[in-house]
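The data below hold one chain only, encoded as structure tokens and taken in the form predicted alone.
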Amino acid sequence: MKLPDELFRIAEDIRTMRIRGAGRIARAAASGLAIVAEKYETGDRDELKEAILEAARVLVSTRPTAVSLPNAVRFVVLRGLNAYEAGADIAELREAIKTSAEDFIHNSKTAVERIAEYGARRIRDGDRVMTHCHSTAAVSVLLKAWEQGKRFEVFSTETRPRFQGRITAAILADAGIPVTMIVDSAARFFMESIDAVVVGADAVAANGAVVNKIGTSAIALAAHEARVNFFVAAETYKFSPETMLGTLITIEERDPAEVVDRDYLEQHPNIRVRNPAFDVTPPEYIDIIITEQGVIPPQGALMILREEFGWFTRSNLPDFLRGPPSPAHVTSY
């Protein structure tokens, strides 16, 4: 089975974080499936179905924590399987996959716009807002509030070790928003002067816990201690249906060389370096989750999951799309 080279380039870009951010990852995965539907050379509908499933396996193996990735793949693949089982010929099957991918990408972008509208209402004139890492949804909230004429200041953490917070700071500064960049460990130092924290999410569990970039939970704890509002901006496709069944979200650990250079590791072979990419913020530290469907308390996550993913426990998806990646699929170094 010779899948298009473009699919493997997308998968590698996701795995190596050249494509980063849960929304961009999800949209890239959807477009990867559309590429396979369009370019995989076969005249046999059964063979095309297997090619789509193999492409789905390749994509979901890249980043185990970003729930948006398997949710995007599920959305596209499930529609394709439904068309296949309804007797679609190969041209109709190709079109069903491509249309599903286009629908997901459109819905994803629309979701961010609606989140921006809802979230901007929570930002007030004169606020000092802290953010962590880079989230399209969180940034959109701040840009929308600024566009509405509200004037505020943002404190953006660098977000080590990949420094995604520098991306956030640059985007906000380019829009004219006053930005102060701080090292991650200074978050508690500045928290007493902060009015609200706005972050994104890579995954939301059924109990309202939020998985986001490493360091988020420490900032949430500092905000809780200082009685500062902690807001999460997250599209509903970042909610994890597996957690309705009691499955834990896998936390990805990445290459130690992202933290210290390889020369140091070679010089000090007895030092073990761990590099978890994400952590879990418990629901009691979260005030609200801002979704495209509206603002909910973290306890409302289960309601969203039941509405959005009620099909999950009874769908015709293959096993590898009905649970977390197997250990062989987990990116761990």
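On a predicted model such as this, the values are computed, not experimentally measured, just so you know. The first residue of the shown sequence is 1; numbering continues from there.
FYI, the form predicted in complex with ligand RUB isn't displayed, but the following is about it.
Open item on the list: So in the model of the complex, is ligand RUB close enough to Asn212 to count as touching (4.5 Å, heavy atoms)?
Closed with: Yes, Asn212 is a contact residue.
Task: Heavy atom of His134 within 4.5 Å of ligand RUB in the model of the complex - done: His134: contacts ligand RUB in the model of the complex.
Open item on the list: Residue-level question: is Gly200 within 4.5 Å of ligand RUB in the model of the complex, judged on heavy atoms?
Closed with: Result yes; Gly200 sits at the interface with ligand RUB in the model of the complex.
Task: Residue contact check: Leu321 to ligand RUB in the model of the complex, 4.5 Å heavy atom - done: No, no contact at 4.5 Å.
Task: Proximity to ligand RUB in the model of the complex (heavy atom, within 4.5 Å), stretch among 185 to 193, 94 to 102, 78 to 86, 134 to 142 - done: Of the options given, it is 134 to 142.
Task: Contacts with ligand RUB in the model of the complex, stretch 274 to 301 (heavy atom within 4.5 Å) - done: Going through 274 to 301 in order - heavy atoms within 4.5 Å of ligand RUB in the model of the complex - there is one hit, Phe278.
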